[in-house]
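In structure tokens, one chain follows: the form predicted on its own.
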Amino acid sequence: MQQEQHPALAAAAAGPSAYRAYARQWLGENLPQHMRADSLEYRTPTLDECRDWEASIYEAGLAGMTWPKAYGGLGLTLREHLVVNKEIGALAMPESVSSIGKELAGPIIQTVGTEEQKQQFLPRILAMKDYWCQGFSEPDAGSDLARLRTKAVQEGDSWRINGQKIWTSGAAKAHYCLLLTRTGTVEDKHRGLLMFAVPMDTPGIRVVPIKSIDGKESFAEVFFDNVVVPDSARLGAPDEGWNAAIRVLSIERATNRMYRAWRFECELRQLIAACKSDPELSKLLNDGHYQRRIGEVVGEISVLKGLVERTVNQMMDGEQVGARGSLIKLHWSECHQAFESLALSLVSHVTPRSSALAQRARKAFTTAYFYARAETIYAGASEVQLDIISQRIMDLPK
């Protein structure tokens, strides 16, 4: 992306309203109809189509807003990031196919990476040239990273890695794995954790896809059998893995995919439009039971918006997110599950005689319902978030 005289920077300099208008106009004019989930022309986009679309978003100055200019970003603030995310959320556009790179690998590399690693990895993440996966969870250490067993042993100027990861999203397409390993024993818990940027074509790496309830194979088991990587693949010091992971995970839970509340609102509009397109479903919208449930969803979305906006203001004032990121993660996951339950309840009334829009809604929201069941598990299970909230915010005993 050519930063000099870039229209996005000019719009941002003119203030939030100008930047919002620029983002809204560009996205509205450039998002293909076949990639809009609320369009009758919609079809599931290919990986290449998603990559090209995200690359064009970046070229337009609507990605990497807070990343330093030296590494391909725009050098703006979280406020500009939120402005763009609101507009992204308002459109029924595909989810990012590079969220791990943009939301986890990138921030961690910026935090603990060397200058050479920053120059090597960060611009390619934004330009959609490299995909990343996240090797954190293990069969016996899902949300409890302190129990992971994947071992890294130093051998001169290299490291030998052995172990297994599970629920690794995007592993089949990834070029790199953000891998969290242990240099000591499991009894060391938080100590001796070390992160690596491991090329996925390294000998000894085996990816075994896992089929989920929706029939997709979006995540996998990843086995590391005597995988040797150079010391230059190490991200941070041997004891820095835990602090880096927790610091970035807390920010992830609070600020990444800020568009969620606005996307949920967009999905609600899609659901209501589908119901209004069909006489029988329209009657349900006038039913007191469904009106109450819709009202509850609207209220929860408003709360989520408030949490996100308040967090941005606090971070702009120099406050640390810390455990408060768990409040947002807990709320958005529970909120979206409640919405998808409502949506499934409504679209279950669709029949072969229903409108074309209603037929599409039934398929889309049934799939979304199944996917949403995992939202209270990934990025930290609800039980883990509740423990964090009770112990670190409310100071309750363990």
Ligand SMILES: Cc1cc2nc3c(=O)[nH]c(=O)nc-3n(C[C@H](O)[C@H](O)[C@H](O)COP(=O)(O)OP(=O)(O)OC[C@H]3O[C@@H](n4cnc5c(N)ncnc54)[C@H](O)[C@@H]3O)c2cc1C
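Start at 1 with the first residue shown and count on from there. Everything quoted here is computed from the prediction, not taken from an experiment.
Quick note: we don't show the form predicted together with this ligand, though the next part is all about it.
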Residue within 4.5 Å of this ligand in the model of the complex by heavy atom, from V227, L271, I100, I301, is I100
The one option of N256, S96, T150, S137 with any heavy atom within 4.5 Å of this ligand in the model of the complex is S137
Which of 237 to 245, 115 to 123, 163 to 171, 262 to 270 lies within 4.5 Å of this ligand in the model of the complex, heavy atoms considered? The stretch 163 to 171
Please state whether every one of the three residues A374, I377 and E383 places a non-hydrogen atom within 4.5 angstroms of this ligand in the model of the complex.
yes
>> Given that this ligand is not shown alongside this chain, does Y131 nevertheless sit within 4.5 Å of it in the model of the complex, heavy atom to heavy atom?
In response: no
**Message:** My question is simply whether Y176 lines the interface with this ligand in the model of the complex - judged by any non-hydrogen atom within 4.5 Å.
**Reply:** no
task = May I ask you to state whether F219 is within 4.5 Å of this ligand in the model of the complex, using heavy atom distances?
result = yes
